[in-house]
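What follows is one chain in structure tokens, specifically the form predicted on its own.
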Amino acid sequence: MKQRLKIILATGLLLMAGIFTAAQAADLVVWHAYRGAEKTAFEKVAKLYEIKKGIKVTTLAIPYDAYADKITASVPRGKGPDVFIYAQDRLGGWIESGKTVEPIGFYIDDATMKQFLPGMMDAMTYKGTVYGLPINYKSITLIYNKALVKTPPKTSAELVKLAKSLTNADSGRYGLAYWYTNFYFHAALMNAFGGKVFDKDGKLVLNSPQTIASIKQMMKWYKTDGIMPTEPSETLVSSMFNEGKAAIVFNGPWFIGEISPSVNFGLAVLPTIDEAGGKPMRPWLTIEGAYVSASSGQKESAYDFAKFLTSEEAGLILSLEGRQLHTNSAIYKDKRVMNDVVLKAFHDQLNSAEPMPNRAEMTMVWSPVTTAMNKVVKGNATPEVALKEATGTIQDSITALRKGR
């Protein structure tokens, strides 16, 4: 009887060990939205992790336009990946809705926390809890055509003077072009004037004298100075720059791949704004993080992969081959990184950048404010009226969200 019991127990232990081993060896599924060189570099890092850890990593590139909705629809139902990569602006919403992002503070050691550039972990933290590890950052900066601009402007006065000399509206040439009716791009001016979306307590403070002043400044460049084209868009800005019809643009690292090989371009930090007391333009800093899915059946391995993505080893591949601005501070001691004019320029801009809010309410801001800015540009409303209307719409949505929690 005792012998039979020993055999049964031994068999049970073997089965349990087998199940544990199978679970440990199961594939990690990772979602991202990278394309081109970024995708190739990311897949290379995933393969390197496979070799090091013996765990297969299956990466899936999701079209960006559908990506956030796919995470929202899939992960809470247990059908999503083990790890997904996304910027911090959606983080608060996913946490508030539940069953999407796993808190990971328990896993993080001091060495991991200390490896990041300043402020990066703040974007991954929501209401005091850490939910992700930052991988890369993006912001806009000043990009100029070297055939047209010898020395990039450092102040708004210099910018206007130079842009006016390079503008000929009759031939469709402008000194400055950027998507100024899009709130994301406008934020650099808003932040320079001291405008904010939320205060430190989460109160909506968008309708402020500072934000109104920033919109008026944008309108001065557009209407009074006449240095920017009408009806801007990403496509228009790209085509104008490549055709030599825009001397200076404000755009991000994603724009670099759209520049024609025939254009000799340079990069510089965005100018300071004389009308804002000489404060620098402060573009929003978008920080992409690696998040462990709340529904993952192998959270420890998922976190380990996320941690590997933030390592110096992975960072050098993602930076040098994928042209990403990695968050690990050690890679900026590498001469290959600092000799790369694009990586260095966006790293320089980091000193004058503002992390985008990661509050759940942020998703309700984009459309109303962009609509308001379009009304102002088209002459259908003053900045004061348009912003007041947009703020009312946003506040109604926020109130409805909080009642539903």
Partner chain sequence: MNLAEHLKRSAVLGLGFSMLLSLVLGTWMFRAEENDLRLQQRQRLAVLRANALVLAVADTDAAATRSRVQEMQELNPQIESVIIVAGTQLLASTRAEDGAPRALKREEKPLYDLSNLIRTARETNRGEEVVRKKTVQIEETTRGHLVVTLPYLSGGEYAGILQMKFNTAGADTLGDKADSIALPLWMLLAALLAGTFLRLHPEKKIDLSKLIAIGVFLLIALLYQQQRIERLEQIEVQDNQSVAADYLALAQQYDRLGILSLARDPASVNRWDTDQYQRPLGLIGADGRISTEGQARQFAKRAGLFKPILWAINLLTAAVLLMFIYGYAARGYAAFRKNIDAYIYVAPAMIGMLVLVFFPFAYGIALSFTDTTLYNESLPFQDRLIGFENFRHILGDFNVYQHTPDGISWNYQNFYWTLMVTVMWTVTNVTIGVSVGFLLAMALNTDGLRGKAVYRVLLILPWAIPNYITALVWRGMFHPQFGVINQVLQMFGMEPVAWFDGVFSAFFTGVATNGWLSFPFMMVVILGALQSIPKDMYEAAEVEGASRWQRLRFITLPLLKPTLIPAIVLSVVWTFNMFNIIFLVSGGEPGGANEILVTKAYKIAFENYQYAYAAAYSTVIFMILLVYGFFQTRITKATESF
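Please read all numbers here as calculations on a predicted model, not as lab measurements. Numbering follows the first chain given and starts at 1.
Although not depicted, the form predicted in complex with the partner chain is the subject of the following passage.
In the model of the complex, none of the heavy atoms of V29 sits within 4.5 Å of a heavy atom of the partner chain.
When the partner chain is considered in the model of the complex, K378 lines it closely, a heavy atom lying within 4.5 Å. Although the partner is absent here, E38 lies well away from the partner chain in the model of the complex, with no heavy atom inside 4.5 Å. Contact between N182 and the partner chain in the model of the complex is not found at the 4.5 Å heavy atom cutoff. Residues within 4.5 angstroms of the partner chain in the model of the complex, judged by any non-hydrogen atom, belong to 369 to 377 and to none of the other stretches in 345 to 353, 49 to 57, 369 to 377, 30 to 38. With the partner omitted from this view, the residue of G266, G226, G244, P103 that lies near the partner chain in the model of the complex is P103 [heavy atom within 4.5 Å]. Residue G93 is the only one of G252, P280, G93, P152 with a heavy atom lying within 4.5 Å of the partner chain in the model of the complex. Of all the residues from 223 to 242, those having a non-hydrogen atom no more than 4.5 Å from the partner chain in the model of the complex are P229, T230, E231, L236, M240.
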